[in-house]
Each structure stands twice: as C-alpha cells, then as structure tokens.
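Okay, so here's just one chain, in structure tokens, the form predicted alone.
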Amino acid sequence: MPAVTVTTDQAASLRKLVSDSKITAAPRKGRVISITSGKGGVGKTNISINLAYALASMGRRVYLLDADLGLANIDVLLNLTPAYTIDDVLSGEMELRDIIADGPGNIKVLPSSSGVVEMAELDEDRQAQLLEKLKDLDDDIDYLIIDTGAGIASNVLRFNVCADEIILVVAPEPSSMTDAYSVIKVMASRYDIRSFNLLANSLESPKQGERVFEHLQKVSRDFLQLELNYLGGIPRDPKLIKAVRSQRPLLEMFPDAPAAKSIKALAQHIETSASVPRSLAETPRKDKPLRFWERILQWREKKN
C-alpha cells in the first residue's frame, strides 16, 4: 500500500483553518496522551491507570479520562462511585469540573458511563463538544491520559487524532498484532498520523516484546512506509490480577512488582522525552506541532 501524504495545498488549507478559528488558546503546559489498542483484553486500561499513577507520583498534575465510551470501567477498577459522569456534562446538567473524581495517588478521574448506548455511539459533534470542554481544565493539567476504547470505531480514532502522542498497546498474540496493525493502517491512511509508540504487554520475556515490535515494524515499513517507536514491554505479572481484584492500582499495592517497575520506567521516559510532530501536516508552521485544540478542527474538517 503506498504511503499517504498531505499535499502542500492541504497543509496550507489546514493552517488557514486554524488561523481563522475562534480557538485561540495559549500553548498548553501539558501533554495529551492516548492509550489505545486494536482489540480489547490487552491491558490497556490497567496501563492507563498505572501510568497516570506513576506520573502523579512524580509530582505531576494528572487527569485520567475514561474515553471507552459506553463500556467505561476505570471507576470500577479504582473502587470509585462517581455521582456524575461525562454523560451528565454532554446533557448540559453538569460542567466538566463538577464530575472530577479524586482517584488514588492524586489522580483526577473524569469518569464515563457504562452500558449507555448513546455514549457508545457518540457522534462527531458531541465528541467535539466534550474535547472542547477539556479546554477549561488546561491550566490545571500537566498530563491528560485518555483511555480510549479498542478498535477502529470513529469515536476511538478521533480521540487518538487529537492527542499529542499515541501509545498503542499490543499483546504477543496473532489477533492482537493483526488488530494493532489495522489501527496503524487506518490512522495513517485516513488522518496521515505518522508517529506511533508501541508498548508490548503481558510478556513472558523482553525478547518476546522485541519480536512483536519487529513484526509490526516490518509490515508498517513495507506497506505504509512509516517507522514505529518501541517503548518497551510490560511483563506478565500475577500481582496485577491481585491488584485488579482489590480495585487498586498495581503501583500502589505492589510498587516493587516487575510490571510496576516497567510502568515507572515508562513514566520516566515520557517525562524526559519531548512530544514530536506526528504528521506532515504539522511540520510547516516553523516545525511547531499543532495544539490539542487545533487538532479538533483538523478531524472535524475531515468528515467520516
């Protein structure tokens, strides 16, 4: 499959769209990271929770958005009973600040609904409404971690498009790798996303994670002409199951567990690394990447 690029005319149109917009927020202090996957059951939500916990333990102001709309479970995994959710914000009954729940380790949680069909089928305009409301929290955030749904549904893709960085979680099994490649392919062809961070989970050994990365790197290079960035791997850890059953983060309950140490190393890497432009459309503005709020305009311009 040939590489998809953005032409000069397209890039110029995008820059004009941004400059003409009423969204004029100052550059953000924080970073928006989406945690996504091709299929469910690969540990994406537990990684989101524990990465948020690790970053918060470093003194950072971390918000965790449960964006697995309609099938949210962060509140369950953290033993929270939020009075209100994102559904109440979108209905106009509550403001975003009204639904913030205090999670463990100073994490601020933005909970969503579970079993609500309307949330699972959130349309483009209502999703844009939610993303734009996040702007109200801008001054309070060092990191916004978005735990997306799995797969290539439109509302999942839009969260990924708007994030500064995408962490794609993959397990060492054929179906997970196949579905992960599907995410990469759709994001690259539809939105020209050219930068993906791969995180291998539930590994029996570091070599197993390297093989997963090498496989996905090869097909991405051969068919999409893009390079992946390997963030490393998280070992399979029986203590994670105990933490889940106790409804507590692994890093809180077993901070010295092998998986906990790997997630802390991942947080340290994120903290010391810089966010980079993810597509050709972002580079012409004197190499300054588009801001989170500007990306909302980008995908709204590209109707599904």
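Don't overthink the numbering: it's just position in the shown sequence, from 1. Just so it is clear, the structure is predicted and the values come from calculations on it, not from any experiment.
Keep in mind that the form predicted in complex with a small molecule is not shown, yet the notes after this line are about it.
Novice: Can Gly59 be called a contact residue for the small molecule in the predicted bound form at 4.5 Å between heavy atoms?
Specialist: No.
Novice: I'd like to check something about Ile234: if you look in the predicted bound form, is any of its heavy atoms closer than or equal to 4.5 Å to a heavy atom of the small molecule?
Specialist: Judged by the heavy-atom cut-off of 4.5 Å, Ile234 is in contact with the small molecule in the predicted bound form.
Novice: Would Gly41 count as touching the small molecule in the predicted bound form under a 4.5 Å heavy atom rule?
Specialist: The answer is yes: Gly41 has a heavy atom within 4.5 Å of the small molecule.
Novice: Does Val244 make contact with the small molecule in the predicted bound form, using a 4.5 Å heavy atom cut-off?
Specialist: So Val244 counts as contacting the small molecule.
Novice: At 4.5 Å by heavy atoms, is each residue in Asn46, Asn201 and Leu240 next to the small molecule in the predicted bound form?
Specialist: Answer is yes for this spot.
Novice: Tell me the stretch among 102-110, 217-225, 182-190, 201-209 that has any heavy atom within 4.5 angstroms of the small molecule in the predicted bound form.
Specialist: That would be 201-209.
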